[in-house]
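Read the single chain below, which is given as structure tokens and is the form predicted alone.
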């Protein structure tokens, strides 16, 4: 399955001239709200008698069906960037709204904070503000109707999965929402389907890095000789690949398990493969990209201990024991130490959890009563922000200032200023939870103590892209015998058919003649730099990349991967959604670059300290890009405000 031609296909051959679903519009109006052009802020200082209707209040408003450039979409980040850049903010209108709690950020952490607050104070009035045109934060839902049938894909958070078992708080919240994760993991997921259909995992060796385009099928399911038979690798590289996979020889003899772990903490996975395992350069290149799915950077910026912790190859001969390093109290290795949590993927990822929280908070907006009927329910967005309701969820509303009425240590109210549709408004509340990105908080609350602001600035998030592509059929995948492909040198590193999940009235595709969704993941890192410098460079790239570039790269890459199976990007692709997340994964402790200090002295702990009537809740403040962390931090923040 090798193709050596290096001539790039024409735009016409890729289908860039075809009319597909790629527009970010609802009823002809840009979904992100009013545009802010030329740096001008068209706000009025006049007092508003009532908040004018927003886009979410219009009939037919339904952002899950939007395609094109999503995630951090146009209209969602411009106000925050202007605040960061010091743009002069005119006086805001006083909305005269007063709440018990205002939550800034409608992701899982913010929605969970609203839930926990009302659990403690059932009569509380709560307003949730979110800068995006949909709720859920990173737990976004991509929804398509293909040939009259509903197809779902996660636009962000993929699944319930953590390197540690869920603690009492997040496990309790899932139960309260009707989510029995253990039972659902056994009943709704069908990972065996593709295997039974004769499809396997593949690795795509690209000509730029390995000398020729070749799709090797059967990774870890076929004998190594068969898998590598036509791979563009030298005999020495093939031997090293098998040695890395099968292990057996201890490359660090004479050291205890703890001493080995200490060494692995301070060496990158790439360096471990090259210097300790003495692997062929082509093999090092092949495996270095395997860490991108977990941390958004390659093996040059991830410790070998973390790579061992998620089960990557190369450590079989070390004989490492699970558990903490003696005397340190922790081991940043994850799954290898604890076994991790249950793994549960809903058809739309953890958007189902966000929708379950919204149904609990605003029952009239989400029909149904069970998790099974929730997956196919259509949210009535016009009901999310109704006057007089105890909980209101206001979209396309970017907070630009949070302050106290009086000194923070004695204030009875907090004042939140936000922007929607080009106008600024203030609301008041007894309490405020900031469930937004930590990086914006120093600008929202400039009176925070300087050390706390400095700690918040240290927490750099990881950029990434989750792309969803709708196909007319998946015959090429069947012909090639693959259902997922790792492409270490590709624009997207991972490409795969939608997981097979059946729940309630939702059924996954079974026939290759039927439409299907494909997931593609890109992490725009810059190898060779420290982790956070790679993150910053990748973020700048994402914000500067238009949809047209993404589309061309998507079509060209799928043509290279699947062309030998008869795939035609001009006719087989029917829709594309690019979920761009410049601020994606929450930062985790990285033993290669972060100081080795006790947990209480780490930046995420120092940065989340309560400030008067303001508490902070997000996965950033928990030091982990996991849903259970987001929920735990929401509970902590509410407990700080209301007492343990």
Ligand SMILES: Cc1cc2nc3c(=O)[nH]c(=O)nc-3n(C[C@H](O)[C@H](O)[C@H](O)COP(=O)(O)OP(=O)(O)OC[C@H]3O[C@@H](n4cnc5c(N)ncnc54)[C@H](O)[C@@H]3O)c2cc1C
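Numbering follows the first chain given and starts at 1. Every value quoted in this text rests on a predicted model; they were computed, and no experiment measured them.
The following text describes the form predicted together with the named molecule, which does not appear among the structures shown.
Can residue 161 be called a contact residue for the named molecule in the model of the complex at 4.5 Å between heavy atoms?
-> Flag for residue 161 set to yes.
Taking heavy atoms only, is residue 535 within 4.5 angstroms of the named molecule in the model of the complex?
-> Although the named molecule is absent here, residue 535 would stay clear of it in the model of the complex, with no heavy atoms inside 4.5 Å.
Does residue 63 reach the named molecule in the model of the complex if we count a contact as any heavy atom within 4.5 Å?
-> Because no heavy atom of residue 63 falls inside 4.5 Å of the named molecule in the model of the complex, the answer is no.
Taking heavy atoms only, is residue 464 within 4.5 angstroms of the named molecule in the model of the complex?
-> Yes, residue 464 is a contact residue.
Pick from 524-532, 490-498, 180-188, 98-106: which stretch has a heavy atom within 4.5 Å of the named molecule in the model of the complex?
-> Of the options given, it is 98-106.
Could you work out which of 174, 445, 399, 126 is the residue within 4.5 angstroms of the named molecule in the model of the complex, going by heavy atoms?
-> Looking at the other structure, the residue within range turns out to be 399.
Report the residue, out of 291, 352, 268, 157, that has at least one non-hydrogen atom within 4.5 angstroms of the named molecule in the model of the complex.
-> Selected residue: 157.
Contacts with the named molecule in the model of the complex, stretch 600-631 (heavy atom within 4.5 Å) | Sequence-ordered list: 618, 619, 625, 626, 627, 630.
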